[in-house]
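Take a look at this one chain, the form predicted on its own, written out in structure tokens.
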């Protein structure tokens, strides 16, 4: 198999570390270099010690564009636009951005949610990776929105692990704050709502329903659990069939007839869904790993699609289960 010459820009944080773990063992990836301004000159294993024995790469602050066939951008939100203005890659280089900068599909970027935009991703060299909450929420609701079932306000709650806040220490990500604790943030105003509404509007032009999203900080390190519900007059079995049909060719999105839990998805690139109907509401539970299907795993999934590889390549991961 031909190896794809690949680089990671911004590889010192949580998502960059997860990209390293995935790409070092990807059968079609030749990881040429890993970039970090803050960690330049250090061995990768000094920053990500779990990778001892897997790589001898050293972080560099130099950006090489020539000969690079794929580049993953793990820069802070708001910095990618400036980076691409200052560094010109070949028009054939596949650029996968994990920040919020191009999720509005500006500058020729395609929104990289494979369950909806696989056909666009296949022919694109610029892919904007979705946000973590956005992924869990959209996969919970997309089949219902596409069917026109959502005619009223959608109620959503979601809880995420501390890794969702990034590696840089903050008061609300500190162990002594998180442990034994929960809190709400960005009530009804989370930044991922913008990309969610964009997708829903593309799937169903008349969609203008209110999305009331309550995000919680959880007292665990990784994973996202979403609960979404809206008034629904239909039959639960029919709803489950619609969801299963919608995701029939989505290798990582699964609809379970049994109750689910978050650990089924943690450490995998899966989104696991479960539907119930109670008191006239269709209730959808959605579980993902915020660092994998919500970030780096989905980025590798987009890499696979863009290069015509098996969509699951390098992503056969085991859940932690217990």
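All of these numbers come straight from a predicted model, not from anything done at the bench. Positions refer to the first chain, counted from 1.
Separately, the form predicted together with a further copy of the same chain exists; it is not shown, and the next lines address it.
Between a further copy of the same chain and the residues 41, 67, 27, 49, the one pair within 4.5 Å by heavy atoms in the model of the complex involves 49. Just one of 176, 86, 123, 208 comes within 4.5 Å of a further copy of the same chain in the model of the complex, counting any heavy atom, and that one is 176. In the model of the complex, a further copy of the same chain sits beyond 4.5 Å of every heavy atom of residue 249. With a 4.5 Å cutoff on heavy atoms, residue 181 counts as touching a further copy of the same chain in the model of the complex. When a further copy of the same chain is considered in the model of the complex, residue 202 lies well away from it, no heavy atom lying within 4.5 Å. Remark: residue 167 counts among the residues lining a further copy of the same chain in the model of the complex, judged by a heavy atom distance of 4.5 Å or less. With a further copy of the same chain omitted here, the record of contacts in the model of the complex names 218-226 of 218-226, 115-123, 233-241, 142-150, defined by a heavy atom within 4.5 Å. The three residues 188, 214 and 270 all sit with a heavy atom within 4.5 Å of a further copy of the same chain in the model of the complex. Contacts to a further copy of the same chain in the model of the complex (heavy atom within 4.5 Å) from stretch 239-274: 254, 255, 256, 258, 260, 261, 262, 263, 264, 266, 267, 270, 272.
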